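This document starts with one chain, in the form predicted alone, laid out as structure tokens.
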Amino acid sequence: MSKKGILVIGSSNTDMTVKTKALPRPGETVLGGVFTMGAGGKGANQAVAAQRLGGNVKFICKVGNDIFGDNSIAHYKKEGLDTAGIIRSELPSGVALISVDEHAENCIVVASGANGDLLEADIDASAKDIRECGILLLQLETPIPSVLKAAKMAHEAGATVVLNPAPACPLPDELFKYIDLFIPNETELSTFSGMPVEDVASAEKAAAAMQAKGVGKLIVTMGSKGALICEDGRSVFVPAHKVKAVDTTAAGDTFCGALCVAVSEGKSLKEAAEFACAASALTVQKMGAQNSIPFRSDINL
């Protein structure tokens, strides 16, 4: 792949989504709703977002030898992704069960399957792609030792390493020194910094704590409020577009993919965040994960 290309290593799921009036409480059955099935997984969402928004993207993941795996690979090829690095596993492909209420809030249960089988040996087998990429985009839906190994390999090769630390989980301190750009939401930033994050001021303090651990630059996604950029001892807030949200699934993934595209094109972090905010604002206005991700032609800035 091109030295300026974006390499995404992460998860691939099949999303099964039900839109209903209210999310069920424990032990409750909620009748009614609309069912859809489509491609998902944080890694796949971010790869598709980057590709649709103009990036040169290769996707490395692990899927099962089943119909979900077959359908996922066919879908990624149709999207234009370079799928040569996708690996088959003896485990079932990952699936996610998603419920979305009338306020666009969601709850998600994931059966990781083959995603949990993306091992350090697979990272070694992908070393050429990792060392040749311009930007490596990672998340936390695959085993942490593999994330660490890929980040270190890309960092040592001079690539820009981007980590979206979701879903939040314990991470080795070593990982942070390989991260050039850290993109947590407010909850994730609070988890990793050990500090409450409730507004811009508290986000700035928590971001400084992460930079003390070795993280380079941060962009804190703050939902409908916008995004906070922290770099070189300064912070800039980029407000979100005011839209009526229908489904927030994949909004953060769209933001990450869009941001990497803009960075790969030489834009500043502020310009990249403005582009990413515009893309994610379009995403929340549609149902589903990858179904809702916009194309470059959809964005007017």
Ligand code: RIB
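In this text, residue numbers run from 1 along the sequence as written. In this text, all values refer to a predicted model and were calculated from it rather than measured experimentally.
Unshown form predicted together with ligand RIB; subsequent notes refer to it.
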item	value
In the predicted complex, the one of 147, 210, 100, 96 near ligand RIB [non-hydrogen atom within 4.5 angstroms]	96
Of 50, 250, 273, 61, the one that lies within 4.5 Å of ligand RIB in the predicted complex (heavy atoms)	250
Interface stretch in the predicted complex with ligand RIB - options 105 to 113, 199 to 207, 186 to 194, 170 to 178, non-hydrogen atom within 4.5 Å	105 to 113
Residue 9: touches ligand RIB in the predicted complex, heavy atom cutoff 4.5 angstroms	no
Interface membership of residue 279, ligand RIB in the predicted complex, 4.5 Å heavy atom rule	no
is_contact(residue 40, ligand RIB) in the predicted complex, heavy atom dist at most 4.5 Å	yes
Those residues of 272 to 301 which, in the predicted complex, come within 4.5 Å of ligand RIB by heavy atom	289
